[in-house]
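Only one chain comes next, encoded as structure tokens, the form predicted on its own.
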Amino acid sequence: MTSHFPWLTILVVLPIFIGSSIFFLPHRGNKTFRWYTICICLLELLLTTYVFCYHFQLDDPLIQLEEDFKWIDIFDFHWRLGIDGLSVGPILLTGFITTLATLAAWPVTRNSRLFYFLMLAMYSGQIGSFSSRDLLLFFMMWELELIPVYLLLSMWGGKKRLYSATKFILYTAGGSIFLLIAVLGMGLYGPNEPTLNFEKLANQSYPVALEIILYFGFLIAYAVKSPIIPLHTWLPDTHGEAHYSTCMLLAGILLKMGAYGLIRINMELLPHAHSIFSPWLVIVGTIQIIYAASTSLGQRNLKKRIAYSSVSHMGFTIIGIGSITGMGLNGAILQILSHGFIGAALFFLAGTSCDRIRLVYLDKMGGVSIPMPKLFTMFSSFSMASLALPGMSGFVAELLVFFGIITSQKYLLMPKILITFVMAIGMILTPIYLLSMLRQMFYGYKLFNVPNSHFADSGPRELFVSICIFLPVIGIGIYPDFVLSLSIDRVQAILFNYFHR
């Protein structure tokens, strides 16, 4: 369905375009920039919601709102955008989390024009990645993320910010080299003229060896971004040093781009290689759940502990994608959205509490629940959501991934029992590290006995951000069809094409 009005182009271009005029605003204190940025984010979020409510048909598994403008004539490069049930969820998540992250960045006063502009530039890149229908455009939007994150890290991070920013750029730029080689290899191969159009590439067939090489190239790029072990080591350092509003964007949206690319490109365009690699994806995902959960238990730094829990939760997404069943894939997509909310909220609360008590190490904290009951309540609620308590979004997602791997036709009975057993151990380890984190932080009397200590509890801004994130977590947990109805038809179409080829 081709739309005559370029809705998606407006959604992609609006944040960075209007955001760049922040440099021309008169300097009347940071308040002007904050309100300006929040207004842009809200406008974008309302526009997105309007477009999806009135111009998007839920029961149509095809690509909708397509736009196709010729951009560079020489090598047939188009500005091609379009969305389906797979990209609607991540795009709405991006709008929601970015708006709340700008609200969370309220305390940033140093060089705030640039800070807010970089957040808006990330916003454009993320929406562009989720809606592009052209490989090279996808690559360009993927790259648009890197520079803002690098600058946000190296200018507004903690003590070791330069180390973690350099590590981040080395890992992600290294992954992007593989992505670019795979994109060019895929576009240039073929009997006819080179094409980068997703629709044409979906019907293209490759020699098995070439398909495996292309798949591997894409996989490395996504393994850095998602992250998949052993390419995950940039994540704890980055989260440990970044400002918490940047952490919200990293955990909430950036990690989800890798999983999205894995479904969108590797599964849809390279099905033969995906069937070869999927058992390995499941094995790596299972190892990742156990490894990250047990490593998280040994972390003294609060932010790093939450970062490792993110790595552990992304293991479920990878298993869901590797299971090649409708349930597993829907579970993976639900886990992407669920963890986007929960991860962002945990980093936000960890950041605000570290700002208040001026400590990051868990063994120095204790007794925080007495002076800060509101913070304690919210932190406990999101920790419960993170350990997949029934009635919250994480539970439904992990349950669907479980069912997906059990009902998968691809694997024999014994491997399925083994994988399910190991995943269950991972689900037992998750409460252990989350509850021990709560115990070390909030219980006891350590900080309560410090003389002259006065800690202010969460203010209205923090409560507002937390409640806004908590509502969808509960909503999805109680009524998951709310989200599954977006992706269920598209997932069936993907699987039909997959088995058909």
Partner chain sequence: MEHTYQYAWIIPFLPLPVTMSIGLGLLLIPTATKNIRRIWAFTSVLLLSIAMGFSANLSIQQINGSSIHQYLWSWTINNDFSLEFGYLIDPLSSIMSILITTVGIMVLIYSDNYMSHDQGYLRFFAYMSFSNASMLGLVTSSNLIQIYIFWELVGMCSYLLIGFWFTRPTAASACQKAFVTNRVGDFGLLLGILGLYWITGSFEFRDLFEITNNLIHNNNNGFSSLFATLCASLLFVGAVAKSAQFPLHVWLPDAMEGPTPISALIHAATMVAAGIFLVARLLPLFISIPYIMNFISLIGIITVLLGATLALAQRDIKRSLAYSTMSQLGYIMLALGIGSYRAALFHLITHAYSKALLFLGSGSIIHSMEPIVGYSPDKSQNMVLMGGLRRYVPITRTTFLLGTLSICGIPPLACFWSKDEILNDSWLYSPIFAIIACFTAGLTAFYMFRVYLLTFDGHLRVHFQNYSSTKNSSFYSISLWGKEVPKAVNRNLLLSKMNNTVFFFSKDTYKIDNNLKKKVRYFNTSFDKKYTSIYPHESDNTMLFPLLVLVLFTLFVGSIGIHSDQGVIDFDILSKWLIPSTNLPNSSYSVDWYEFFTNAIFSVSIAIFGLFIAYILYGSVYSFFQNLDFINSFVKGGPKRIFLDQIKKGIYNWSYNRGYIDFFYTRVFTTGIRGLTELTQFFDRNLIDGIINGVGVASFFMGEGIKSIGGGRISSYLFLYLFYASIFLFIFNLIFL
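Numbering follows the first chain given and starts at 1. What you see is a predicted model; the values in this text were computed from it and never measured.
Separately, the form predicted in complex with the partner chain exists; it is not shown, and the next lines address it.
Check your understanding: At the 4.5 Å heavy atom threshold, is S436 in contact with the partner chain in the model of the complex?
Key -> S436: contacts the partner chain in the model of the complex.
**Study point:** Touches the partner chain in the model of the complex: I478 (any heavy atom, 4.5 Å)
**Key:** Taking the distances in the model of the complex, the answer for I478 is yes, it comes within 4.5 Å of the partner chain.
Practice item. Mark L413 yes when one of its heavy atoms lies within 4.5 Å of a heavy atom of the partner chain in the model of the complex, and no otherwise. Key: Yes - in the model of the complex, heavy atoms of L413 and the partner chain come within 4.5 Å of each other.
**Study point:** P431: touches the partner chain in the model of the complex, heavy atom cutoff 4.5 angstroms
**Key:** It does: once the partner chain is placed as it appears in the model of the complex, P431 has a heavy atom within 4.5 Å of it.
Practice item. State yes only if every one of K167, D237 and V396 has a non-hydrogen atom within 4.5 Å of the partner chain in the model of the complex; otherwise state no. Key: Yes: each residue has a heavy atom within 4.5 Å of the partner.
**Study point:** Listed residue that, although the partner chain is not shown, lies within 4.5 Å of it in the model of the complex (heavy atoms), from I22, L11, I488, I16
**Key:** Looking at the other structure, the residue within range turns out to be I488.
Exercise for review: Could you spot which one of L188, I72, A424, V208 gets a heavy atom to within 4.5 Å of the partner chain in the model of the complex?
Suggested key: None of the other options qualify; the answer is A424.
Point to revise | Listed range touching the partner chain, judged in the model of the complex by heavy atoms within 4.5 Å, from 415 to 423, 200 to 208, 98 to 106, 111 to 119 | key: In short, 415 to 423.
Exercise for review: Pull the contact list for 210 to 234: residues with a heavy atom within 4.5 Å of the partner chain in the model of the complex, in sequence order.
Suggested key: P230, H232, T233, in sequence order.
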